[in-house]
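Just one chain follows, in the form predicted on its own, and it is written as structure tokens.
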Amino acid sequence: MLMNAPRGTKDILPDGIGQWLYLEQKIREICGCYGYKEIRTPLFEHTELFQRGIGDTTDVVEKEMYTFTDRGGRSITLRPENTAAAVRAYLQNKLYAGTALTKLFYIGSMFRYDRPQAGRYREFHQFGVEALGEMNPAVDAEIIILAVRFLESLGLKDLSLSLNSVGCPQCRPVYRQRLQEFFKDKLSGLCEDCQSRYDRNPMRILDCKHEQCQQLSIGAPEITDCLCDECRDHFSRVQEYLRTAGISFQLDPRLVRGLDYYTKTAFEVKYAPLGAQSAVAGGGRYDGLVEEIGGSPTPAVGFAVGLERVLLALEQQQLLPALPDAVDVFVVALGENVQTAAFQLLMAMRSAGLSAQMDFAGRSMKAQMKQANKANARFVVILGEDEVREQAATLRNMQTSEQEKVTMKEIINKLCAEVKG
């Protein structure tokens, strides 16, 4: 019986890997411009890290994590997001030493047990950015601008930025009380999850995807009416910095994000042509997370971009660049007796830094030339028994169809000069 990949996962095949490399190149370019350094964390962490960091009232922790017990009896979870892991690495490796602001980015696989759909998988890939150690709202603005500029650099135009403040531990209890008062008479109509959230974290009700809960939440109090003076001032200054940078946005008082660690700024970037699942990037400030994980109180802000969603958007808008898989030289060996000489030449070409291929099946010259065309070879080197005796080869330029005899001593240097200029 043929074995298939698990549901919700997808192979990235050779003909598509160029698109991923293109995205990763763009990520590294823009992060370099903004001064962010790459970090790579383990694919799995202790489960407690995500329970404490993300919040046990979130759908991610309650329903979507891949958790197992290892042979040592420890509870381990495949990372469902990377912020908590990045903060853990920041603390464990003392990345805060000697600097007021630590700027990190990552690219990697995340895992959530969710219903697979277009651009959403159970193993998915995120690009994320984290800035730790600075409270200044200019850092919030920088993070948001980086996310928008990255997406714009790919050619995406129909982007919309939504912005909100979710308050802080000082003002959020006031909002919590108002929400509970609002939903008190509607509690029986809420879904089972939201009934549970009513006592634990009523803000999560606003993020529920059930249509009935969305209808019952219409007219709910807005958190911006409950902000303390510090949060209100911070939010105002973030907006001022965004306007200064020419970034358009709309305020969305219902935007709370799906993770419990957010404080103050929350934002989301949507790409409308993707339809109902249009969010491609989102994030915000999480000033309490470092302390929650065991560090000193440390302000922090970040975002994550779903790369599958971005690739889907680029494909829909035909914005993916053509990335031909070209080879410098293809060696055509005519006859069994020249295979050794052709293989020796092939290795010499590769040692000289040329990308080179040859046919190992001993097919006809016509079949080998067809293979060279399929490989987009710039040059073909033809070796037959006569060429081996003469210590020469026929060099053919596949673009101009010109060909010439070149000695074995000269052919590597000539090819390097042609290919590398």
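All values derive from a computational prediction rather than experimental measurement. Residue numbers here begin at 1 and follow the sequence given.
FYI, the form predicted together with histidyl-adenosine monophosphate (HAM) isn't displayed, but the following is about it.
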In the predicted bound form, residue 167 touching histidyl-adenosine monophosphate (HAM) (heavy atom, 4.5 Å)
no
Determine whether any heavy atom of residue 129 comes within 4.5 Å of a heavy atom of histidyl-adenosine monophosphate (HAM) in the predicted bound form, and answer yes or no.
yes
If you check in the predicted bound form, is residue 235 within 4.5 Å of histidyl-adenosine monophosphate (HAM), heavy atoms only?
no
Is it the case that residue 241, even though its partner is missing from this view, gets within 4.5 Å of histidyl-adenosine monophosphate (HAM) in the predicted bound form, heavy atoms only?
no
Segment that reaches histidyl-adenosine monophosphate (HAM) in the predicted bound form - one of 333-341, 213-221, 261-269, 184-192, heavy atoms within 4.5 Å:
261-269
Though histidyl-adenosine monophosphate (HAM) is not shown, can you say which of 204, 172, 88, 309 has a heavy atom within 4.5 Å of it in the predicted bound form?
309
Report the residue, out of 304, 231, 78, 314, that has at least one non-hydrogen atom within 4.5 angstroms of histidyl-adenosine monophosphate (HAM) in the predicted bound form.
304
Quick one: name the residues from 267-282 with any non-hydrogen atom within 4.5 angstroms of histidyl-adenosine monophosphate (HAM) in the predicted bound form.
279, 280, 281, 282
